[in-house]
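Taking the form predicted alone, here's one chain by itself in structure tokens.
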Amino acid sequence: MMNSLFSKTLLSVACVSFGSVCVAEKSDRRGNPVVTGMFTADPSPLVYEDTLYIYTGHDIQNETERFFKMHDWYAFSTQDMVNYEKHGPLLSVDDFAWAKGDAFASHCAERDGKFYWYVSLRHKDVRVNEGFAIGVAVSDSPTGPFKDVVGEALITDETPNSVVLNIDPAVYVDDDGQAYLYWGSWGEARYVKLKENMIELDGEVQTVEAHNFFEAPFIHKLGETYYLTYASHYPSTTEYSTGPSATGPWTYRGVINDLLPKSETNHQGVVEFKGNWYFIYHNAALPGGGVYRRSLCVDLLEYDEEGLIKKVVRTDTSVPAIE
């Protein structure tokens, strides 16, 4: 049942086309942040059937303490970009026997009707560097229940060629069916192929060479071009590179999202939904928001005639309703 805190009245909609974006002539807009009843961070989008799901972390830090305090993950779903349903918590630290805390960024991907939710957590036993690891939980539904069917982490500090801070997983399934797991932080990015079952690594961990990379890699594709978006520097902007394949080589293209007021992190996802492209991110605009108290936002993503991404225009209204 839809939570009334996450729904708004939808007015009549008639779409007119401006380039590749369908803009509603008359509509209600949700407003940014999209979620106002809690603090949500590090979003990742997934389209399944006629619904957009946005998976997020959950900031529970108070206004005075420093460092990220996160224990579980949620999802928010919409069919019209105005009315959202809250799901969760769908997954928590307690669902991974090998983990001890810090439910950081995640990414859920669908394959053959199953849903694979890749998460970054602090490992309770393995610590060579920062002690973070990446695991995966699986479900038959985009809203769970999810279960750690592997029973151990896919990536740890002991994985050859892993990074100092193994966080911010993102998965991309290419047109030929090959799946890739990306992750990274502190200026180092990695990827590794996944087997068809999506829960085993297939080969050695490879290094991603991307200019100004800091953390939060995310892959999407338009036409024949692959786009690698990521956070750059710290405090972070969002920048991007393009390439001819899911593994590059990557050509740097520039900044698409500027520094955020009150939020040092800048974590993004990009998705096409019902013919429109959306930039999914967080800010710190809610009352009491800040570096460790962030909020889910959605704005339009547009491309120029050459297929390059235009600078994101952040709004406090979010995007028009769609049918």
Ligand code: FUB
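No experiment lies behind these values; they were computed from the predicted model shown. When you see a residue number, it is the position in the sequence shown, counting from 1.
Beyond the structure shown, there is the form predicted in complex with the ligand, which is absent from this document and is the topic of what follows.
Residue heavy atoms within 4.5 Å of the ligand in the model of the complex occur in exactly one stretch of 163-171, 240-248, 221-229, 90-98, and that stretch is 163-171. The candidate spot formed by 30, 51 and 80 is out of contact with the ligand in the model of the complex: none of the three has a heavy atom within 4.5 Å. None of the heavy atoms of residue 277 is located within 4.5 Å of the ligand in the model of the complex. Although the partner is absent from this view, residue 119 stays clear of the ligand in the model of the complex, with no non-hydrogen atom inside 4.5 angstroms. Residue contact with the ligand in the model of the complex: residue 265 places a heavy atom within 4.5 Å of it.
Interface membership of residue 213, defined by any non-hydrogen atom within 4.5 Å of the ligand in the model of the complex, is ruled out. Interface residue among 76, 104, 191, 115, judged by heavy atoms within 4.5 Å of the ligand in the model of the complex: 104. A single residue from the set 297, 284, 70, 46 has any heavy atom within 4.5 angstroms of the ligand in the model of the complex; that residue is 70. In the model of the complex, just one residue of 35-53 lies within 4.5 Å of the ligand by at least one heavy atom: 42.
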